[in-house]
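Before any questions on how it binds or moves, here is one chain, the form predicted on its own, in structure tokens.
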Amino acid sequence: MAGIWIYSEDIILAKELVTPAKELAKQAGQKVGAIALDAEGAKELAALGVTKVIVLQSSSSWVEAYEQVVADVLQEEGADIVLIGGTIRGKYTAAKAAARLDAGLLTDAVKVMLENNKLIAERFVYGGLAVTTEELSFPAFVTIPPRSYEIMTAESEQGEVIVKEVTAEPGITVVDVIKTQQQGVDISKADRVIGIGRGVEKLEDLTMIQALADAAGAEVGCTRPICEELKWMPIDRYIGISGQVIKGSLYIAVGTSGQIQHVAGIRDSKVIVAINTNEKEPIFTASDYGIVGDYADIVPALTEALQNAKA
């Protein structure tokens, strides 16, 4: 094998990819290389022990324009395994680069390993209901979703950073960028989250939910019907397999039934607490603690208890 390489336009995700890359490198007796789009990000990757970080320097700010250059670098370096951040833009680059190099591609892997000189990857299928194990021969491309791995601590020995002047042909001219207005923090990064479902009957009850969130130091999220059908919350608050995935220390589900699409977005929370009137709802199977009862009674009681504990 010639080496394990990582790439993501998102530097945080790129640093997460270092963890599985180094595990694979240890198994194969190889080193880890990385491709970055900015010098500062490259230094952060080098600090994590990535042996060689190549910075692609170009006048283009259009990430998708680098897919040909990324493929060229990976071919020059003889990469056998390439881990790419599973963002929308990352998947685009992975598909294009893998096709150019005639390599296999597997998307949304949550675990990768080496076995019998093949890359073995696990990923969720059927809306998170099952896990499939697949294998790829080399060269192999795999996209990995954000927050699948923890970021490693920095190492004493830093890798080499090489700046490479390249020509990236965007094919598209960016005239203007308008950022979406987001209320509160990104719930996918929140340590504590309160999630509401269709069991929350009235819009005005969001006030009591927010009071609980304030007392618990949490953010408020929701199931898909709350944002798409009822329009009570913005789409960036939707938690589920096609929405936000949370991996904090606490998730409190208020009035959610626990459909598999929603559970796929909360399964990695350290502690899950369910509040529902129906003890047979599947959310209780996915929870560490369950409270059977009316949220209109339970939520204010929890809020008061938390407030008193702080006093």
Partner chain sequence: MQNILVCYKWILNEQEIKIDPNTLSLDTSRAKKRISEYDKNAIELAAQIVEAQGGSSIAISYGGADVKQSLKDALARGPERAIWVNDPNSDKADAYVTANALAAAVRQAGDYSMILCADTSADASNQQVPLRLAVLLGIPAITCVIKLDVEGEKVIATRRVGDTTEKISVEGPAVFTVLPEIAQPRFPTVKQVLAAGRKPQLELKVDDLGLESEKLTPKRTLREIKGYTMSRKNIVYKEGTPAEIAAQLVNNLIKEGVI
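Predicted model, so just to flag it, every value in this text is computed and none were measured. Residue numbers count along the first chain shown, from 1.
As for the form predicted in complex with the partner chain, it is not shown, yet the points below apply to it.
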item: Partner contact for I12 in the predicted complex: the partner chain, 4.5 angstroms, heavy atom; value: no
item: Partner contact for V53 in the predicted complex: the partner chain, 4.5 angstroms, heavy atom; value: no
item: G104, heavy atom within 4.5 angstroms of the partner chain in the predicted complex; value: yes
item: Partner proximity in the predicted complex: D38 to the partner chain, non-hydrogen atom cutoff 4.5 Å; value: no
item: Candidate spot V82, K247 and H262, all three touching the partner chain in the predicted complex (heavy atom, 4.5 Å); value: no
item: Among 203-211, 144-152, 73-81, 167-175, the region lying within 4.5 Å of the partner chain in the predicted complex by heavy atom distance; value: 167-175
item: Residues within 4.5 Å of the partner chain in the predicted complex, restricted to 273-301 and counted by heavy atom; value: V273, E279, F284, T285, A286, S287, D288, Y289, G290, I291, V292, D297, I298, A301
